[in-house]
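The data below hold one chain only, encoded as structure tokens and taken in the form predicted on its own.
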Amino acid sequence: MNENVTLLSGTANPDLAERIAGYLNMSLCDVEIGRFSDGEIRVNIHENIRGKDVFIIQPTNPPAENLMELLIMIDACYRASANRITAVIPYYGYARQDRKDQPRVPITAKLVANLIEVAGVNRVLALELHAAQIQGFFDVQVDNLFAAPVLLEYIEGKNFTNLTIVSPDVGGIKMGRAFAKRLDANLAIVDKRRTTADSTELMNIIGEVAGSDIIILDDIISTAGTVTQAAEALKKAGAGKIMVMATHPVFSGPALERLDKSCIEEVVVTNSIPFNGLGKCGKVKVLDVSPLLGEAIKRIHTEESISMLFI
């Protein structure tokens, strides 16, 4: 990395930004993010970024002010004559409404993409988008990384016997199959029906799980209803140890309480967004994705391929 690169961090996940800067042997840009008296976000960049390759690190998890903060930082960099602005979004919020599946509903994933583009971004680096088609909602280049290298490294350090990877829905089959192939494991699917936006009714299990150790693989854990119901059904079907792995620890509502009371032995997530439940659930293990994102930033800046980061 050279002096033409600038890393900026919002307030959504400063610890991850510091870790990425540490991986790149850099310091974060001096930026002041505050509030006016009425609560509006105020941004002031205290360093010259004219002609620089700027990377803004900011997940857009709730509250919605995190998204506004990203947009305002992009605008500040654009008006400060940055050469290229890349939004590094470890968690892309509002992604779960990615299509019109019933009357009179929005497509928020596309709306957010429009907002980010209009703000002045030149490129987006995301981690585990909820739906792959969100890449097509942008007219700028999007790199969608996967946490698979980090998660697989952790799994390979465990001693599982007769391992089965379980996808909690049909949408996760592709990722589940990739994990099963890499780990020489079996693959099963939980067939579920969603009753409301945040709850599901479990239907049945497709595949043989009796006597197997289980890893339930998902991208987001929100209320934890899906994974805890799936774990219960898997136990009834004769499964052994059950672990859950997900990239984004949203953990809303009763999630941590549900996980703590469930038959799940370990919940492995990443630090894409901050985990604020320390002490509430001892089953949660947080893995660091800063080397993955840092390496992608370095390769984007030096115009190298990032395909080696995909497994």
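Residue positions are given as counts along the sequence shown, with the first one as 1. As the structure is a computational prediction, the values presented were derived from the model and not from experiment.
Here the subject shifts to the form predicted in complex with ribose-5-phosphate, a form of this protein not shown in this document.
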Even though ribose-5-phosphate is not shown here, does it sit in the predicted complex so that 96, 169 and 222 each have a heavy atom within 4.5 Å? yes
With the cut-off set at 4.5 Å between non-hydrogen atoms, does residue 110 touch ribose-5-phosphate in the predicted complex? no
Which one, 148-156, 211-219, 112-120, 235-243, holds residues whose non-hydrogen atoms are within 4.5 Å of ribose-5-phosphate in the predicted complex? 211-219
If you apply a 4.5 angstroms heavy atom cut-off, which residues in 108-143 are near ribose-5-phosphate in the predicted complex? 130
